[in-house]
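Below you'll find only one chain, the form predicted on its own, shown as structure tokens.
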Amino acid sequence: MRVSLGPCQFDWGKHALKDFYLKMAFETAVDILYIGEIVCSKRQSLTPEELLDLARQLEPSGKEIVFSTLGLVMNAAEEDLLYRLAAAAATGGWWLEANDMGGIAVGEGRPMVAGPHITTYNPETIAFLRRVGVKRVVFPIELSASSMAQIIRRLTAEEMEMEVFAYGKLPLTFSARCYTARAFRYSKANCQFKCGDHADGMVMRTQDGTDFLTINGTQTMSYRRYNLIDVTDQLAAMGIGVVRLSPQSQGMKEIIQVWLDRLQGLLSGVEALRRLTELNGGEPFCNGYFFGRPGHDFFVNDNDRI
């Protein structure tokens, strides 16, 4: 399996974002880099033209580069942004990751990735996506292993690469409302870019103080990080070709290396999980969706929850 580094879901600012992807390109052995804003057009710190320049800087690394689109396109300005992003990707022959069906329409006929926010729940949908240019599908994050395996088994002989979100805070929903701005009593129109103050999102707690979700602008995410490091053999047997790691502000190089060592057989699943737990500050992970269970739980197999 190959390893991809997904689009950054947080607001790190233009310079930090560029530095991050340059380091990941030239200082790690990750195979695929997804670049572009997927959460909120207001914090599009890198314009499509600047993303084009960044892609050109990343290209000598030999990494596959994909331009990612917004997960929710809501107005004419964002539609225009979508067209500009698609044009920038086409300039260098780079693929487009569509996270909204508007992106599929704009990129039709060109090589694309159907992102995890496209509801690819059956082989019929995949067949349609193949006809309009999609070459790789990222399964929706809520699908179980059995559901994904059934879909893959029912695919035709035509090639379609399958990717799974394998590490990071789960992107659960998008909204027209900015939750981070609301938390500080600002309107979305006058958000003061408060999400930029929270490099890995803002923790949302229940009334009794339990950590529950992560708020990231217009996006709701899991509090725990999703982690499939100990089921990589099962993923490979299912026919998954790419595992996606989602960027976080600290320790990303080390996290990538643990995944690469695990996929190369240099680490057991138990040891890889132990190392990732250390890098996660001892905080527990989640993987419940993979086992068809509540998403916030973590299972070492179908029966044992920790």
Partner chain sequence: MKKKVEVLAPAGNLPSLRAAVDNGADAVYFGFRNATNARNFEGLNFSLEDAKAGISYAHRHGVKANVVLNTFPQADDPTLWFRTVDETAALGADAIIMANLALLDYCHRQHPQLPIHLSVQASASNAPAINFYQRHFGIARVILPRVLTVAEIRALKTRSDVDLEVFAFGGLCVMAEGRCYLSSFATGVSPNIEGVCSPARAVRFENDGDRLTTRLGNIMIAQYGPGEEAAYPTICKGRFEANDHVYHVMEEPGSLNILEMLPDVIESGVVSLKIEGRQRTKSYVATVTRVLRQAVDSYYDNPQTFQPKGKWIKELNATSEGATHTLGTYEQRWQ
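Everything numeric here is computed off the predicted structure, so don't read it as measured data. Numbering follows the first chain given and starts at 1.
The following text describes the form predicted together with the partner chain, which does not appear among the structures shown.
Only one of 159 to 167, 85 to 93, 214 to 222, 231 to 239 places residue heavy atoms within 4.5 angstroms of the partner chain in the predicted complex, namely 214 to 222. Residue contact with the partner chain in the predicted complex: Ser175 places a heavy atom within 4.5 Å of it. Taking non-hydrogen atoms only, Glu124 approaches the partner chain to within 4.5 angstroms in the predicted complex. Mapping the unseen interface onto this chain, Leu143 counts among the residues with a heavy atom inside 4.5 Å of the partner chain in the predicted complex. Remark: Tyr289 counts among the residues lining the partner chain in the predicted complex, judged by a heavy atom distance of 4.5 Å or less.
Across the proposed site, Gly71, Gly102 and Pro294 without exception bring a heavy atom within 4.5 Å of the partner chain in the predicted complex.
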